[in-house]
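Starting off, we have a lone chain in the form predicted on its own, written out as structure tokens.
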């Protein structure tokens, strides 16, 4: 259907009874012992993804900070492992900052992003000596200057530049651009627009308690387009020689397929006229090595102009996605609307989606050696129609009690899961030596309303 990270594939096997195993640990037995739903994280895949990402960039540029995006998966054990392997942390809130510190990241290995930074959060960040605070508005710069002054500190800052520009009349010929315009140009609300960036940097230089040391854009695909000319303009016009150039995140490994309404409609129509579904086709994704090479070739001259500043990259999904597996139990199977539906004990409460539909690879863990013979939609237990895990999955015959392994569930799941109708699941970490450790306890009903007061 789509690729599963090579490092994870290397660690998954099928044992003599046809069960899916991770480093020799029977995932069906884990589901029985710890209950479902159940997150299972592979430490070797997590570390392998991080080290591969870092090598990819360091092979083309010597001064790179890989700042793991804490919000992607904020479990303390996950964060600690990455910190021990040399990652820096990118935080986007006071909670992220607290978690990063709790996981052992020193302030000097933390950068603070995000559009909402209250004074108390900025004060905490400064007191912890964070490496860099990336500002997104003049109001934030003014607030930060006052907080830094009150603490007697000159704080290093960067400014986030937003690559978005209103496409003008051309938006009427692009559905995606037209939808964005209809939603009030949501892409334009972060950072400083290209039109105001020069003036914003000029203003930032005048704050006595701030040291302008960085420039940032996100995602990396747009950063490589907009940063080089702006860096040259700021160097020539204002004399700024940045110490840090941050190209943000958005690095995609291809292990989850994102589709929108257009793709689903196209697939529906193809099937109606007897054509093969394209949703099951392998998706070609550039390797991270190719991405790093292309990125550095596009901004290489700008980095040389600045006397080789530190390049900051902020991966999240690339590192954690393929390291996570969600085990769910089939409650029942039914036919409805012309399709077979397998209802399981987790849905978008545990695997929340962004705007796109995320199609994940599914394996029937207790029938892992059986060939797929039927098509199923995997539905969650919630009371709304779009609560599903995946659509049109080719699986062996699915029955009540089967354990499904939903692969590549390590990003934006554990940290975004919620308590709607059901408590949140436990999480385990499996080491390459087959050691199994609990890294998050399963919540109980009592945990759900623990903070409530029955007045």
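Residue numbers count along the first chain shown, from 1. Computed from a predicted model, the values in this text were never measured in an experiment.
Missing here is the form predicted together with another copy of the chain; even so, the following discussion is about that form.
For the candidate set 261, 219, 237, 372, a heavy atom within 4.5 Å of another copy of the chain in the predicted complex is found for exactly one residue, namely 261. Between another copy of the chain and the residues 224, 209, 137, 302, the one pair within 4.5 Å by heavy atoms in the predicted complex involves 137. Interface membership of residue 400, defined by any non-hydrogen atom within 4.5 Å of another copy of the chain in the predicted complex, is confirmed. Taking the partner from the other structure, another copy of the chain in the predicted complex has no heavy atom within 4.5 Å of any heavy atom of residue 127. In the predicted complex, another copy of the chain sits within 4.5 Å of a heavy atom of residue 439. The closest non-hydrogen atom of residue 10 lies beyond 4.5 Å of another copy of the chain in the predicted complex. Across the options 24 to 32, 419 to 427, 402 to 410, 57 to 65, residues that bring heavy atoms within 4.5 Å of another copy of the chain in the predicted complex belong to 419 to 427.
Within 4.5 angstroms of another copy of the chain in the predicted complex, the stretch 351 to 381 places a non-hydrogen atom from each of 354, 356, 357, 377, 379, 381, taken in sequence order.
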